[in-house]
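Below you'll find only one chain, the form predicted alone, shown as structure tokens.
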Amino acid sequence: MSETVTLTIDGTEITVPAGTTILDAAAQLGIEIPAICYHDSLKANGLCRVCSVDAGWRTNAAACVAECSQGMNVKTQTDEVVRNRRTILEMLSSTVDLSEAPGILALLKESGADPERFAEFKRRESPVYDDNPFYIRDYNQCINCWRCVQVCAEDAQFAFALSFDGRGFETRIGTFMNQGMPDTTCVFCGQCVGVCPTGALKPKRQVLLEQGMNPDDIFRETKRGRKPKREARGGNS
């Protein structure tokens, strides 16, 4: 018989198998804890911290990676927890273009966050990489959730074409020696595009449709690897 632990989440007691995360235990109770970097098909990494909860620890716990323990008393909606989530979202909005991230925009609205609170902060700037016929990489919209890196590595494809590049504020998703995707181990499976939550990775055909090109021309142009008429963006654009 497998070991279990009993804990309380927002006043409701629940017993779960040992090793269950707070996020999963809360979901069993119908309690939704917001998260950005988390994806059901990928290993949780606790990067965004939007899922943080009060677990009685010295600091808030990232619910997607923190495991339930016997007697734990979890609170998911304290004033501090809500305020911390809201601040994370506001800081993210100040540095990254979230215009094509509906899930995050919804969280901003639900939390009562002010997207302009830190408007004076430096925004992350990056060129738009358009080096293959299949998708573009616009890291001005990237939140460094690590989903694309994970799905390209052990979590699915084992191609290891993507990785982190840089440090601190300058951290970006990159490739070995900053090579274009055709010169990496990428097999263009499209899984990285599928798990991207923000539009930082977008199918080339979708971009051309948004520019008003008809499907027949899109087929011909993407077959040749045409670059969309899109400038690299930075600043507040």
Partner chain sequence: MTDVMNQIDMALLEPIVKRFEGHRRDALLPMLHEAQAIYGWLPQAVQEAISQTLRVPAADVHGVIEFYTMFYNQPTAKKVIRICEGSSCHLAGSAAVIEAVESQLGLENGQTSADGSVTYELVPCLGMCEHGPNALNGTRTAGQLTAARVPEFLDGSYPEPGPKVFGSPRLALGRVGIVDPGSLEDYLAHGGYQGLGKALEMDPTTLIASNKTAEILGRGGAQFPMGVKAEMVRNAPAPASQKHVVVNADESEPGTFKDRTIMEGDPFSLIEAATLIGYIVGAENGWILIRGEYPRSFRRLQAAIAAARSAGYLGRDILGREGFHFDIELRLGAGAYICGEETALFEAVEGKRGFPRIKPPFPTTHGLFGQPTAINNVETLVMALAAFNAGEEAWNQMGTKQSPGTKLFCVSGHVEQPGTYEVPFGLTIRQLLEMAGGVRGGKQLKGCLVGGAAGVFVNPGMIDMPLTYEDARANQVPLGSGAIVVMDESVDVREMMIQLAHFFAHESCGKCFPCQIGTQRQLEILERVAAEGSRGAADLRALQDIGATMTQTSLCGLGQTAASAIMSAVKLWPELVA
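Values in this document were obtained by computation on a predicted structure and should not be read as measured data. Residue numbers count along the first chain shown, from 1.
Keep in mind that the form predicted in complex with the partner chain is not shown, yet the notes after this line are about it.
Asker: In the model of the complex, do 101, 147 and 191 all put a heavy atom within 4.5 Å of the partner chain?
Answerer: So, no: the whole triplet misses the partner chain.
Asker: Against the partner chain in the model of the complex, would residue 46 count as a contact residue? Criterion: heavy atoms within 4.5 Å.
Answerer: Residue 46 belongs to the contact set for the partner chain.
Asker: Heavy atoms within 4.5 Å of the partner chain in the model of the complex: does residue 206 have any?
Answerer: Contact with the partner chain, no.
Asker: Answer with yes or no whether residue 83 is in contact with the partner chain in the model of the complex, where contact means some heavy atom within 4.5 Å.
Answerer: Result yes; residue 83 sits at the interface with the partner chain in the model of the complex.
Asker: Heavy atom to heavy atom, is residue 59 within 4.5 Å of the partner chain in the model of the complex?
Answerer: Result yes; residue 59 sits at the interface with the partner chain in the model of the complex.
Asker: Quick one: which of 105-113, 69-77, 126-134, 156-164 gets within 4.5 Å of the partner chain in the model of the complex, going by heavy atoms?
Answerer: Selected stretch: 156-164.
Asker: Hey, which residues along 15-33 are within 4.5 angstroms of the partner chain in the model of the complex, non-hydrogen atoms only?
Answerer: Nothing in the stretch sits within 4.5 Å of the partner.
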